[in-house]
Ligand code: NAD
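The data below hold one chain only, encoded as structure tokens and taken in the form predicted on its own.
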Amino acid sequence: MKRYWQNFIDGAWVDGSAGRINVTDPATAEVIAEHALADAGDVDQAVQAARRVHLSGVLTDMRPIERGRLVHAMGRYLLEHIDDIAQTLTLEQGKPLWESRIEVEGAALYFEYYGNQASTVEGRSIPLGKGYFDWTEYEPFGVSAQIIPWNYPVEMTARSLSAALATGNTCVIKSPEMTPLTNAWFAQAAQAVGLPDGAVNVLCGLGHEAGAALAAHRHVNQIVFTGSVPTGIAIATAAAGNVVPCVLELGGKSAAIVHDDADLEAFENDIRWGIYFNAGQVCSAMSRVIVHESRESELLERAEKIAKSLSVGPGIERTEFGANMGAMVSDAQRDRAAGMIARAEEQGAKVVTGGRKLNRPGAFLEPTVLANVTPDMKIAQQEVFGPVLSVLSFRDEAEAIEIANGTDYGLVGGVFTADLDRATRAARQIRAGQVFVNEWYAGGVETPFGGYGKSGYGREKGREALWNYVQTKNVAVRLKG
């Protein structure tokens, strides 16, 4: 582990004008490195470099399949360095080492997928009758500003960077303050595959300074942000000042509706991955389970069993895929989740298991299951972003849908039933951008992802994501004769 990490601007590794920031291992509370801290001036240098490359036409002049090969190669670079990236990710973020490896593999998959898509972004001919030839083209916006969350710093960067480069944009990436280290490998990958200096810029800065400067920069042409609703609103407001389009993914309070005919034995696996993967720090986590009253007791027993089966401790010691969980990203994040659990108890919820900090150094929280949760409780309305499962009950389909849709969010949802007609009805009524049937997290890089309501707008993943990075130009030609 290097003791000091720099920003990457215009092909050079540079210090930050705002000094340095400590990066802490959440499993030990020990400082593991320092990172250069960018200010608004550094942001301006990065944007100007990206703009210069875009205006030069070096990316847009390429045959798209050539751009796709460069994007492909960046994914291969990540896989070639997976051991180092995964270890660094675990030390800065807290997740088990095997989870970190899965994240790096997922990041590489984005580069593979969008590398393949680069040559498929095609326009069309529009018939206007005799005497005219009309067609559309898709052009990159230019400079794409990408503000990355701390929970999946490798995969979330890959998700936006790969699509942006495949469509010919240049990028300025603001890495998260708490987990900035692993983003360095994207800069190294850009150098290794031969992208021009300035095409990819990576810097770490505080949100209210570097993030705000990037969102409001007049030469930024498109913004991608994943994070909290208040920050998303601030970014959208800044972008509106320059009439710049955004893709905003702002989290959720996602619910799984479990009907009386659901396979609860199989559902145990959905509990394991839906709420305890990455210690629940997942925007699309299955944070609410709305179960038919006839199966509530059985489901709670199974949820308790899953939660108690998880070994919780330092991620760097958890190298093998299995029933284990690492630290949360920080003491503050852990304490926030614990405070929400305590508030839920005060409002009448019952802690079936967990709910407490571990009696050891580090940002550890026991895997938690809450019963007797009602829709009006704060724990049922607001995102915990921790390993906390809230269980609610319902009597009929209408009530289940009402509870599921009863928050400001609308990112994902799920329905578990043996009745395909009932599943289809629920999928159409659940107010969310993606609905899982009988498997939480069904889908993949090929399937579009994004929210309704305060979960944001725009779509990541799938071919739909590509249209966030291009704008349509129409050319109409009057022919002679």
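Predicted model only: the values in this text are computed from it and were never measured. Sequential numbering from 1, following the sequence displayed.
The form predicted together with this ligand is left out here; the points below concern that form.
Residue in contact with this ligand in the predicted bound form (any heavy atom within 4.5 Å), chosen from 221, 183, 333, 407: 333. A heavy atom within 4.5 Å of this ligand in the predicted bound form is found for one listed residue only; from 283, 373, 262, 300, this is 283. At the 4.5 Å threshold, heavy atoms of residue 310 stay clear of this ligand in the predicted bound form, well away from it. Although the partner is absent here, residue 306 is not a contact residue: none of its heavy atoms lies within 4.5 angstroms of this ligand in the predicted bound form. Proximity of residue 174 to this ligand in the predicted bound form: non-hydrogen atoms within 4.5 Å are present. Although the partner is absent here, residue 378 sits far enough away that none of its heavy atoms falls within 4.5 Å of this ligand in the predicted bound form.
Remark: of stretches 162-170, 286-294, 226-234, 110-118, the one touching this ligand in the predicted bound form is 226-234 (heavy atom within 4.5 Å). Scanning 462-478 for heavy atoms within 4.5 Å of this ligand in the predicted bound form gives no residues at all.
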